[in-house]
Ligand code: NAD
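As structure tokens, one chain now follows by itself in the form predicted on its own.
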Amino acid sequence: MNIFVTGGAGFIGSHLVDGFIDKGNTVTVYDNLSSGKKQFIERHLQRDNFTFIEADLLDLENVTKEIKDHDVVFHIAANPDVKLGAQQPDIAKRDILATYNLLDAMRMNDIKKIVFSSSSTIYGETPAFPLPESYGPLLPISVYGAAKLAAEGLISSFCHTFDMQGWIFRFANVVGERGTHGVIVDFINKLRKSPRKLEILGDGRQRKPYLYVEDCVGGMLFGFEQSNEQINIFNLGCNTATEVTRIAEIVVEEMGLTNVKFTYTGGKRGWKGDVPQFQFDISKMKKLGWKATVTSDEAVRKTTRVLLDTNI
């Protein structure tokens, strides 16, 4: 296949690119490097079946030109940090326009397949039971979640209006090698500066599923290959979840620290727009034949080890 990956130099996108290249596909990465890193795709730069384009999806003319002759688009490009929306809400506007431009460029080039990285944040604050893909109404409480939900709506509308096909994957909290932000990164950085104390945002009881990046990528590819509706929507996560205080304990253990005092900023949220607890119903992916290879706690520990080894 000839694959176009937006955000392909980012955390999740670069892992997708590794898998595509290893299977012999031709890949074009389109990334403005606002959060991605060229080093994540460096080993592919000299390959004949790989092209890197440093450019912005807000440039409709350019993306329309560069997307030509591709078979499928994997749309991973977006602001990767939920917290950032509270300080820079205009990020949502940019992400929504970027998705619109991408879809319009696909329409103009008669490209029919798009795979999108959505998020659990589209569900908003929900009852404490596993959420199926059919849950509604969808009322995000973060700017990040609103932008993801808007993108889902755009994809659905273009697919139905212009006879396209879409695959939408709503991710749990994805962690792993090349992660550049999030609670594990924050804890490691804080403890390197002050190894005897750790400030934890909220009350530490926030509880969510953490999905290892290799499982995330594997799930996306499996779902894409094994489903064929016009719009294919899947929760992508694991059956287990991890509390923030437990994450702190794992990071402390893996750093070999002792007598670390935990302090809490208080309140049930870590930040504006934080959903304190959620759990996916992932039976749809399991019926398809896929499940995560590691638990949420194992994903957290594995991530901590790899980030310490790579000296984030």
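A residue's number is simply how far along the shown sequence it sits, counting from 1. Being a predicted model, the structure only gives us computed values, none of them experimental.
The same protein also exists as the form predicted in complex with this ligand; that form is not shown, yet it is the one meant from here on.
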(request) Choose one stretch from 195-203, 237-245, 75-83, 135-143: the one whose residues place a heavy atom within 4.5 angstroms of this ligand in the predicted bound form. (result) 75-83
(message) Looking at 123, 167, 212, 171 here, can you tell me which has any non-hydrogen atom within 4.5 angstroms of this ligand in the predicted bound form?
(response) 171
(message) I need to confirm a contact call. Of 92, 98, 105, 151, which residue comes within 4.5 Å of this ligand in the predicted bound form, counting heavy atoms only?
(response) 98
(message) Does any part of residue 55 reach within 4.5 Å of this ligand in the predicted bound form? Heavy atoms only, please.
(response) yes
(message) Just checking whether residue 36 would be counted as a contact of this ligand in the predicted bound form - the rule being heavy atoms within 4.5 angstroms.
(response) yes
(request) Indicate whether this ligand has at least one heavy atom within 4.5 Å of a heavy atom of residue 12 in the predicted bound form. (result) yes
(message) Is it the case that residue 181, even though its partner is missing from this view, gets within 4.5 Å of this ligand in the predicted bound form, heavy atoms only?
(response) yes
(message) Only counting heavy atoms and a 4.5 Å limit, does any residue of 103-122 reach this ligand in the predicted bound form, and if so which ones?
(response) 117, 118, 119
